[in-house]
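Just the one chain here, the form predicted on its own, laid out as C-alpha cells.
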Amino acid sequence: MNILVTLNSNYIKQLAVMLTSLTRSNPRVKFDVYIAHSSLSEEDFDLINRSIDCSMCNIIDIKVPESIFEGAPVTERYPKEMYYRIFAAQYLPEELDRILYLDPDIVVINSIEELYKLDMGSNFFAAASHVKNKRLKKINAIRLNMPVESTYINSGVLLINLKELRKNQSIEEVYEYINNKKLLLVLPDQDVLNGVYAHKTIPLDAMVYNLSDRYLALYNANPKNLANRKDMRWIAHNTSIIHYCGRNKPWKKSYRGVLGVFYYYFENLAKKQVHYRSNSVSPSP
C-alpha cells in the first residue's frame, strides 16, 4: 500500500506512533510511506527509520519542489504546504495509481485493506465527514459553494485517486477558487478540497475511518442513537482509524477523551521498538 504523510520535525514522534499502529494492525501488508515535506533533514529521516519496523515500512523522502507551486496564492496564512494534499498527483511518482493520505495525529487499530481497495471510479478522493448538523452543512455549502447534496469532509484521512487526478485536475481551477474565496476560508486546504472537489469525493463512514473523541461523544449523546451507542468494545472491533484532530491531543496533559487508550498502547509499542533497535546495534570497535 502507498501511504502519504506531510509533516515537519515537530511531529516525528507522533509519526512513529502512527506508523507503528499501521504496521501492527496490518501485519500482512508492506507499506511504501511517502513523506512530503519542505524542511526535514537527514537526521530527521534517520530518527524516523530508527523508530519503525523498516521490514514492513519503506520510508521515501519526497522533498516537494517549489516550482510546482509557481503562481500559487502563497501567503503566511496560505503556505505552500497547504497544497501538498491537493496536488499530490503533481509530485508523486507516475507509476502510483492511488495513495492513502494520513495525518500523523492518527492511530490505525484495524485493517485498512477494504478502504484502500475501494472502487473510486472517476472520483478524485474518498473521505469522511465530522459534520452532522444540518444547519452547519448548509452554511458550509453556501460558504464554499458546494453542491447542496454534498457534505463537508475532514481531510485527515484521504484516499487519493492519483490516476484520475493526473488526467483531469486543473491547477488553475484551484488557484482561481482560492483567490475568489480567500476571505471565507477557515481551514484553507481542507476548505479548498471541499469547495472544489465535493462533487468528486466519495463519503466514508467516520465511525470506521476517521473517529475522533468529539465525533464519538456527539454520536453517543444523540437521543436517536440511544439503542446503538458505540462503546470501547465496538470501537476495538469495528473502527479502523482513530484521529486525534483539533487541539485535544493524547500526548498533552490537557487531553480529555476516551480514545487516548489506543494512542498510549501504540506509543508504548513504538518506545519498545526503539529500545530494542538501539540495543541491537553492535558497539563500535
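The shown structure was predicted, so the numbers you read here are calculated from the model rather than taken from an experiment. All residue numbers are counted from 1 along the displayed sequence.
Below, we turn to the form predicted together with a further copy of the same chain, even though it does not appear here.
*Within 4.5 Å of a further copy of the same chain in the predicted bound form, heavy atoms considered, which of S150, Q90, S111, N123?*
Selected option: S111.
*asked:* Within 4.5 Å, heavy atoms only: does A221 come near a further copy of the same chain in the predicted bound form?
replied: It does not: once a further copy of the same chain is placed as it appears in the predicted bound form, A221 has no heavy atom within 4.5 Å of it.
*Residue contact check: Y265 to a further copy of the same chain in the predicted bound form, 4.5 Å heavy atom*: It does: once a further copy of the same chain is placed as it appears in the predicted bound form, Y265 has a heavy atom within 4.5 Å of it.
*Looking at the partner-bound form in the predicted bound form, is K30 within 4.5 Å of a further copy of the same chain by any heavy atom?*
Judged by the heavy-atom cut-off of 4.5 Å, K30 is well away from a further copy of the same chain in the predicted bound form.
_Any non-hydrogen atom of R247 within 4.5 angstroms of a further copy of the same chain in the predicted bound form_ = Outside the cut-off, so no.
*asked:* For the interface check, one of 236-244, 39-47, 213-221, 62-70 should have non-hydrogen atoms within 4.5 Å of a further copy of the same chain in the predicted bound form; which one?
replied: Answer to the contact question: 236-244.
*Within 4.5 Å of a further copy of the same chain in the predicted bound form, do R85, L96 and K167 each have at least one heavy atom?*
The answer is no: none of the three residues contacts the partner (heavy atom, 4.5 Å cut-off).
*asked:* Under the 4.5 Å heavy atom criterion, name the residues of 17-50 that approach a further copy of the same chain in the predicted bound form, in sequence order.
replied: In sequence order, R24, S25, R28 come within 4.5 Å of the partner.
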